[in-house]
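So this first bit is one chain, no partners, the form predicted alone, shown in structure tokens.
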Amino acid sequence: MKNLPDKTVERLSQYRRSLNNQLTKGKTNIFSHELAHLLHITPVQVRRDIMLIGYSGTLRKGYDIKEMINLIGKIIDTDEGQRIAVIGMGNLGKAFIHYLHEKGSKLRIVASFDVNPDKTNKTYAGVHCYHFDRMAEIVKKEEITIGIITTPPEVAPQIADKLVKAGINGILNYTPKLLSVPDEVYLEEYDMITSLEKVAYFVKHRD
């Protein structure tokens, strides 16, 4: 499953959240067109993704929700979980920490970093905030594999470089600054302005 397309992995995460919601409502099975409707995509796309992970439902009942949730978990999660650092303790960085803390995910934030003395040497939802200068040391000590960058954009390249040198395997960049990392480091970049402009475009052309 390591060669799944990026977009398929993204949708698998979305499927799992939707399936968990359906499970809490007492639903045990779901058809591809129902799942597609929840995610605003086509049933064909759902069936292609599910086929890629080697799962199939039945014509009469559709997909077994618990089985699909478990299978997606085996594909996305690791048994031991993954350890994460948040770099930049503004509102967004704090929101990440509190969200994952409440979610109880196998993705666990174990350290945060900042340069502001008002934020360093403090604990947020059980996560200690260190000064940037200790990043390489703490990443190695805590066996951190993923870094989330929520700093001002002008320092993002410097932060990414320090994370790579510390041995990080994946970076989620929440700044508008495009980053360059080695091929062996997986980079996901989220630009709020691009997403907002996309929404604005479709609102403009809604008629």
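In case it trips you up, residue 1 is the first one in the sequence shown, and so on. Since this is a predicted model, take the numbers as computed values, not measurements.
Note that the form predicted together with another copy of the chain isn't included here; everything after this is about it.
Note on the partner interface in the model of the complex: the residue among Arg48, Lys66, Lys27, Lys177 having a heavy atom within 4.5 angstroms of another copy of the chain is Lys177. Segments offered: 37 to 45, 134 to 142, 155 to 163, 56 to 64. Contacting another copy of the chain in the model of the complex at heavy atom distances within 4.5 Å is 37 to 45. Contact annotation: Asn91 falls within 4.5 Å of another copy of the chain in the model of the complex, judged by heavy atom distances. Contact annotation for Val9: at least one heavy atom lies within 4.5 Å of another copy of the chain in the model of the complex. Another copy of the chain is not drawn, but in the model of the complex it has a heavy atom within 4.5 Å of Ile148. When contacts are judged by a 4.5 Å heavy atom cut-off, Asn70 does not count as touching another copy of the chain in the model of the complex. Residues of 185 to 205 that come within 4.5 Å of another copy of the chain in the model of the complex, judged by any heavy atom, are Tyr186, Leu187, Glu188, Glu189, Tyr190, Asp191, Met192, Ile193, Thr194, Ser195, Leu196, Glu197, Lys198, Val199, Ala200, Tyr201, Phe202, Val203, Lys204, His205 in sequence order.
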